[in-house]
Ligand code: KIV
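Next comes just one chain, in structure tokens: the form predicted on its own.
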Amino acid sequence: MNLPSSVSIYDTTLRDGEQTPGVALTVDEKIEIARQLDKLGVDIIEAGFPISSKGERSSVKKIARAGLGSTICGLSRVLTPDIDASLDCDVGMVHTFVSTSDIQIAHTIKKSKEEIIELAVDAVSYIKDHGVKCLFSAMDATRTDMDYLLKIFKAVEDAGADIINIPDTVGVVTPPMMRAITEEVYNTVKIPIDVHCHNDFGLAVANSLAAVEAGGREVQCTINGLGERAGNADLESVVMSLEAIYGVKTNITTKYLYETSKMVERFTGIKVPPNFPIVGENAFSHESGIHTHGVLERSDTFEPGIMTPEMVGHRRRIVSGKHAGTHGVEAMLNDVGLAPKKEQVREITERVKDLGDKGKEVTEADLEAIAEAIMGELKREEKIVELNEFTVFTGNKVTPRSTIKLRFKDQVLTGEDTGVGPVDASLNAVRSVIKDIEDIKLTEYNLEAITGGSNALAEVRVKLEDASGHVVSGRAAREDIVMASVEAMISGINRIFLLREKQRKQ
């Protein structure tokens, strides 16, 4: 491989990235993103296509005058009005392009190949005469006849171009072919080679890296892989692959990758998939019990090792779900200050697996609610009342009715009652079962849906008062609101009996 010691990063989020269908950034948003890209350490920021609109010209000009450390670039066709529009924005570089493939020449530009070379040379010369850097792109280079591609690149080099770009405009090249094309160009010209790869077949990052292997010295990317159709090579993967796998340096401060991704996600409204490399929410997340156990012992057992979440400003997450293990669940709870006992961890894990088997995502909030409810439960030997079974009937023409069967010490007691709804009917049924043993009043009932959605985990807290004025609380967390309510009620009843038993012994 013809690897360089370093590679420049050319970001086109504000130009090609904004061409993502449905994305339209305001001037202020573009300026804020540009400042973030500068903070990130991007070498060149393609701020926009000035000739396209007054608003575009205004934003490019403001970015160019913002005093950023990155070189600000404007895009232009090989036409004098386009180039003047970029120059009028005080950019430090003009990126000029023209179609070179037979299919685009025949159906878009409709000029001879010699005329196209002349246009390209005149454009580069005009840019250089105005004292700014020039990047030249042969649009659709990977579908261009190789002899013609080398001819036009040599011509613009002689005209003074500072750098040439090999675009895979429609994303059809393969990594071996991209490497071969870049190598041919590298052996023909002396100026640096830049590449711009589209992701139509998911190969944009691989093709960009293949070009670097063959002598490419600059890669065009976008944050989160935004761009036309399936987008461009995403900056995050390109940079971390270069730095961590190839050992090739960039000027990117990688700890800002995640925050930059989130900013662009927020402004564009294009959500990053959770399994997106480097910056996706699952990039450093683990659910499997085997994986979490290994990662908690040593992170590189089930992570690359050469890249950590801290390197990119991300965080490692142990996720609870149907594949969770006790080690991961305990670690997650320890992180939020909860220290359940071993038997409680096992019970919490089983509850989490049960929810996962039902197709529910178990969030951190869900896990905490489950843990707190279980940790607040009495030990089995302390429970005087336990739920055997219950049923509830309800409907638009049916008075809600619940039947409850409880174990009280060595007895099995049953009872039923009605209510204004299934929860009220079930709690009334519980009270009816034990009314001959103890008159208990429900003085307070609180229900909280921990997470959104109709299948949200419900956390119920109740306050109960006995005939002697003792007030206790009970709580439970279940995806079934009625079940959570009954369990919270029984938890409180047990606490009343336990309190009275302690008082009797004193």
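Keep in mind the model is a prediction, meaning the values are calculated, not measured. We number the residues from 1 along the sequence you see.
What follows is about the form predicted in complex with 3-methyl-2-oxobutanoic acid, which we do not show.
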Contact label in the predicted complex: residue 100 to 3-methyl-2-oxobutanoic acid, heavy atom within 4.5 Å: no
Residue 429 within 4.5 Å of 3-methyl-2-oxobutanoic acid in the predicted complex, heavy atoms: no
Close approach of residue 314 to 3-methyl-2-oxobutanoic acid in the predicted complex, 4.5 Å, heavy atom: no
Partner proximity in the predicted complex: residue 167 to 3-methyl-2-oxobutanoic acid, non-hydrogen atom cutoff 4.5 Å: yes
Among the candidates 134, 242, 212, 75, the residue which, in the predicted complex, approaches 3-methyl-2-oxobutanoic acid to within 4.5 Å (heavy atoms): 75
307, 270, 203, 139 - the one with a heavy atom within 4.5 Å of 3-methyl-2-oxobutanoic acid in the predicted complex: 139
Options 21-29, 491-499, 8-16, 478-486; stretch whose heavy atom lies within 4.5 Å of 3-methyl-2-oxobutanoic acid in the predicted complex: 8-16
Residues of stretch 177-209 in contact with 3-methyl-2-oxobutanoic acid in the predicted complex (4.5 Å, non-hydrogen atom): 196, 198
